[in-house]
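One chain comes next, on its own, written out as structure tokens in the form predicted alone.
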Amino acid sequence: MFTIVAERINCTRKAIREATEQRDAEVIRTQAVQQTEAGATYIDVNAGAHPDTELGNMRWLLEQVQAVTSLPICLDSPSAEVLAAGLQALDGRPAMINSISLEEGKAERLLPLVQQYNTRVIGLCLSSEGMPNTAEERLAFATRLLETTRAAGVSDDRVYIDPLVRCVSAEAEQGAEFLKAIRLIHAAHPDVHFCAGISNVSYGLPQRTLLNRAFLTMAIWEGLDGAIIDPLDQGVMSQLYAARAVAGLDEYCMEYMEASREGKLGA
């Protein structure tokens, strides 16, 4: 099964930030319902527009989301305090933490929450020294990150590695390096999952959804089994179903046919 982390409830988006500040529950609940119906497997909740209001906003957003969907929640914050409050506010449903990294002290602050609440976790191939450039550097980052999660008692199948998608408009080779990294990490650590922000590849370019769809297809072939995407983008979702069917990852093409029956396939 492909993990779709639905990205729309994010306070860095103007409409969500304003709805949260005004406590407009209908806007948030509608977003949660629409993403659920579109095929999300996790609802990402990011309340981080302003650090001084993030904790209260996270609690309020979770109240609205949990009122209208039973999907698991992906809690998106760099703050251990906000994540702890969010986990306490959940109604017992599964959760994912977005995210840990090799940045100084970050994994050490957040992994105790992963263990205490038995969550899954997204691990970024990122350190205090910066971002990796090559596929081999991404593999080295992922291996170091997994050594840290294993030492904390977190099994590999609870970790979703994000090798970091970078825009090809500025660095033409980065799309290929990401794809190679998926292949290398999958071969070296077969029990881990992946979850990446696919749309970063097309930043600064026209007709971005075309690039996102092409990149998603190639990444699925290399072993990508999760992504942070907008499930309301029917073109991207259609490409996801089609790519998994062609790659032999959708037994008897059942997911593809169900999506067709439900009217989810289109341009």
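Heads up: residue numbers just count along the shown sequence, starting at 1. This is a predicted model, so every value here is computed, not measured.
Note that the form predicted in complex with a further copy of the same chain isn't included here; everything after this is about it.
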Exercise. Is a further copy of the same chain close enough to 72, 88 and 90 in the predicted complex that each of the three has a heavy atom within 4.5 Å of it?
Worked result: no
Checked 176, 131, 140, 151 for heavy atoms within 4.5 Å of a further copy of the same chain in the predicted complex; positive is 176
**Asked** Can you check whether residue 201 is within 4.5 Å of a further copy of the same chain in the predicted complex, heavy atom basis?
**Response** yes
TODO: Mark residue 158 yes when one of its heavy atoms lies within 4.5 Å of a heavy atom of a further copy of the same chain in the predicted complex, and no otherwise.
DONE: no
Is there a non-hydrogen atom of residue 221 within 4.5 angstroms of a non-hydrogen atom of a further copy of the same chain in the predicted complex?
yes
Tell me, yes or no, whether residue 42 is in contact with a further copy of the same chain in the predicted complex, where a contact means a heavy atom of each within 4.5 Å. no
Counting only non-hydrogen atoms, the one stretch of 114-122, 92-100, 189-197, 164-172 within 4.5 angstroms of a further copy of the same chain in the predicted complex is 164-172
Within 214-246, the residues having any heavy atom within 4.5 Å of a further copy of the same chain in the predicted complex are 214, 215, 217, 218, 221, 222, 238, 239, 242, 243, 245, 246
